[in-house]
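What follows is a single chain, given as structure tokens, in the form predicted alone.
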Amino acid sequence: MSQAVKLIDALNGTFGRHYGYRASHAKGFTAQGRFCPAAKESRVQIPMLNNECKVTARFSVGGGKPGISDKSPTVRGIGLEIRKGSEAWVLTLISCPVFFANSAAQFRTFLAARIPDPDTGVPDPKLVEVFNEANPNTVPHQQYLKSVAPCRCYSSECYHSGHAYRFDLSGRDIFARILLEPESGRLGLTKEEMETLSDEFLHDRFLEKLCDGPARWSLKLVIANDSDNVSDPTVPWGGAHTTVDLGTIQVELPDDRAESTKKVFDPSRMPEGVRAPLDGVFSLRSGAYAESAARRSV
């Protein structure tokens, strides 16, 4: 059995298998927009990003349940395809600065500890505690989600790569994580909103935002310093960091076209000037996404 099959089996085992939906980030919708280069030419050489590019985005709530509440304490995600002609950069970013696993085995055991108990309908907290004690590197992801209120709108969320990509900065090889920083700043739900908003508010609120004007984020590289772990996406980075502004992601229109809705955001698609991360999770994504897509209609 391939690694991709095992990973999607693990997601289906925890969240169920839902016809027509992704195994992870099942709840979401697509939109269209564009990338506008930074006013000042970047020292990082990514030729495609010297031009305005088309963007397809998919906003989502983490987990594999299509009916999950928009107020749930899980990640929010954005899949991005930035494209110019035949070249594209595909990014899969989440609202937490770090990921919850650093290997295929840890990914599966994390999910196995969270399979709902048949009697209670929720994960057994003792199993989660045992997993956390055995896997302390996964705890920062969980702690972040517990300490930060869910976003008020997809347009007011920061999105992170977790993975450290490789670039050339003025002739020097660097590692950097990707950050999408919202124009509005990061805004979380208030206590009153948590109590009064429906479980389906995110789609309508985002459409209301687009009626007032485009949603914008700065696309930035956060360059690793000497003490940062660049091969483990579960490890937070500390200390001061240099950032490089690549330009603006501007989302302008909702998009319910079938080809966009079914699009697979495979981050193995990278343009000239971007090299793949070295961690053990990034290399798993392409196969797992393909397996998830194959199961949507079965």
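From a predicted model like this one, the values you see are computed outputs, not experimental measurements. In case it trips you up, residue 1 is the first one in the sequence shown, and so on.
Just so you know, the form predicted in complex with a small molecule exists too; it's not on screen, but the next bit is about it.
- Here the marked residues 36, 222 and 274 all miss the small molecule in the predicted bound form; none has a heavy atom within 4.5 angstroms.
- The small molecule is not drawn, but in the predicted bound form it has no heavy atom within 4.5 Å of residue 176.
- In the predicted bound form, none of the heavy atoms of residue 14 sits within 4.5 Å of a heavy atom of the small molecule.
- Remark: residue 215 does not count among the residues lining the small molecule in the predicted bound form, judged by a heavy atom distance of 4.5 Å or less.
- When the small molecule is considered in the predicted bound form, residue 285 lines it closely, a heavy atom lying within 4.5 Å.
- Think of it this way: in the predicted bound form, the small molecule has a heavy atom of just one of 160, 205, 71, 114 within 4.5 Å, and the residue is 160.
- Heavy atoms within 4.5 Å of the small molecule in the predicted bound form are found in exactly one of 187-195, 75-83, 145-153, 130-138, that being 75-83.
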